[in-house]
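In the form predicted alone, a lone chain appears below as C-alpha cells.
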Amino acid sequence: MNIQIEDSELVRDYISGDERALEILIKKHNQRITSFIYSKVLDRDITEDIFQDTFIKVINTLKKGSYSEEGKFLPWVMRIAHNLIIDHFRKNKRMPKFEGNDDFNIFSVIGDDKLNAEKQIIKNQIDSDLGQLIEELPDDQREVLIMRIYKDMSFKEISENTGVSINTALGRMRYALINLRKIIDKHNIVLTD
C-alpha cells in the first residue's frame, strides 16, 4: 500500500511542476517495466524504444491532466507499455490486419492452437477487445452469439435453449454480426491474428 501512496504523491508532485518526481517514478519502476517489455519483444533496442514511448505517453497524459487512476500508477504504465508492444507488432506487419468489411469473418481471428509468445499477446488482446465489443450488443443477440461461437451450439440447440424459432435465432446471429461490424467501425478498431 505504501508504494501506491508514494506513486500517487510523486504523480501529484510532477503534475504540480516538480520534474524530479517523474525521474524518481521512472527509476523506481524502470527494471520491472523494462523486463516486462523485453520479455515480449526479445530485443534490447526495441525494448528501449517502447520504454521511451511509454513514458512519452505517460508525460503527455499527466501534462494534459487526463490521468485519473489514483494509486494505480504502475498497472496504468504497464497497460500503456502492453498497448505499445501490440502496436509495435502491428506496425511491423508481423501480424496480418483485418478490417471490418462485408467479407470479413470476425471470428476467423480466434482459434489458432499453435501460438508463439508474440501471437499469444495479440490473441489475448483480441479476445479482450472482442469481449468488450460483444458486451455492447443487445442481450438477445449477445446470447445467441455466445451460444453459437463460444459454446459451439447448433441453431437447433440455440432455438431449444432460448425458446425461439430457428429462424429467429438465425436472425439474431445475423444482426449480432452486423452490429459488431458497426461497433468496430464506430470505435475504429483493427483486429489482428
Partner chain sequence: MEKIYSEEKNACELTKVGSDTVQFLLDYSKSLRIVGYKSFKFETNLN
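Numbering follows the first chain given and starts at 1. This one's a predicted model, so the numbers in the text were calculated from it and none came from an experiment.
One more form of this protein, predicted together with the partner chain, exists but is not displayed; see below.
Residue in contact with the partner chain in the predicted complex (any heavy atom within 4.5 Å), chosen from 161, 165, 52, 128: 52.
Note on contacts: among 60, 154, 124, 132, the single residue with a heavy atom within 4.5 Å of the partner chain in the predicted complex is 60. In the predicted complex, at least one heavy atom of residue 14 sits within 4.5 Å of a heavy atom of the partner chain. Although the partner is absent here, residue 23 is a contact residue: one of its heavy atoms lies within 4.5 angstroms of the partner chain in the predicted complex. Although the partner is absent from this view, residue 146 stays clear of the partner chain in the predicted complex, with no non-hydrogen atom inside 4.5 angstroms. Although the partner is absent here, residue 48 sits close enough that one of its heavy atoms falls within 4.5 Å of the partner chain in the predicted complex. Shown here without its partner, the chain carries 30, 34 and 42, all of which come within 4.5 Å of the partner chain in the predicted complex through at least one heavy atom.
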